[in-house]
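Presented below, as structure tokens, is a lone chain in the form predicted on its own.
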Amino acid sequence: MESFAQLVKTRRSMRKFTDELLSSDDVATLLKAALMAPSSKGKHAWHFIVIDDEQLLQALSACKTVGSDFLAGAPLAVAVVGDPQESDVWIEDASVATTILLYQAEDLGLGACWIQLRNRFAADGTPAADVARRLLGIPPHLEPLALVALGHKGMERKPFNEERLLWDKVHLNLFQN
């Protein structure tokens, strides 16, 4: 990638993947990036579960009513799990790590998409985080935040259109309506 600005512009959510598996080097690079994410007080109050089992990916694809079905077509996913006992800002820390994972994927030329678990629900009303907890064996004291679907891009996405930037959401010194 030429620059971070170019990386930000070209990173788009990818919900379609080829059948090609990720190399072990790519997986290691993705995880290294997530593990290097900054965290409050250096607590690193997160865990990452790498999922490459097709049946497990299929089961996880039904964890929400909307926005998780494409996981069944991904060759890999990473569950991002926080530890509220370790840090009161586990959501923020796990979110930063998830974002870095997304950008590292783009830098490698891979596609990725964040699948929110916290405060989302399966078709039967079960919290999506509980579905992931059960399927992935996550202990009760940890909180599933998100799944990140990862793979080789199965479609083209145009870079972010800067004409759509919402400059009215930027304020100088004071919030102005």
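All figures in this text were calculated on a predicted structure; none of them were measured in a lab. Residue indices: 1-based, along the sequence shown.
Here the subject shifts to the form predicted in complex with a small molecule, a form of this protein not shown in this document.
Using a 4.5 angstroms limit between non-hydrogen atoms, C113 touches the small molecule in the predicted bound form. Contact check for R133: no non-hydrogen atom falls within 4.5 Å of the small molecule in the predicted bound form. Mapping the unseen interface onto this chain, K64 counts among the residues with a heavy atom inside 4.5 Å of the small molecule in the predicted bound form. Although the partner is absent from this view, R157 contacts the small molecule in the predicted bound form, with a non-hydrogen atom inside 4.5 angstroms.
Per the 4.5 Å heavy atom criterion, the small molecule in the predicted bound form is contacted by stretch 114-122, the sole one of 44-52, 114-122, 133-141, 25-33.
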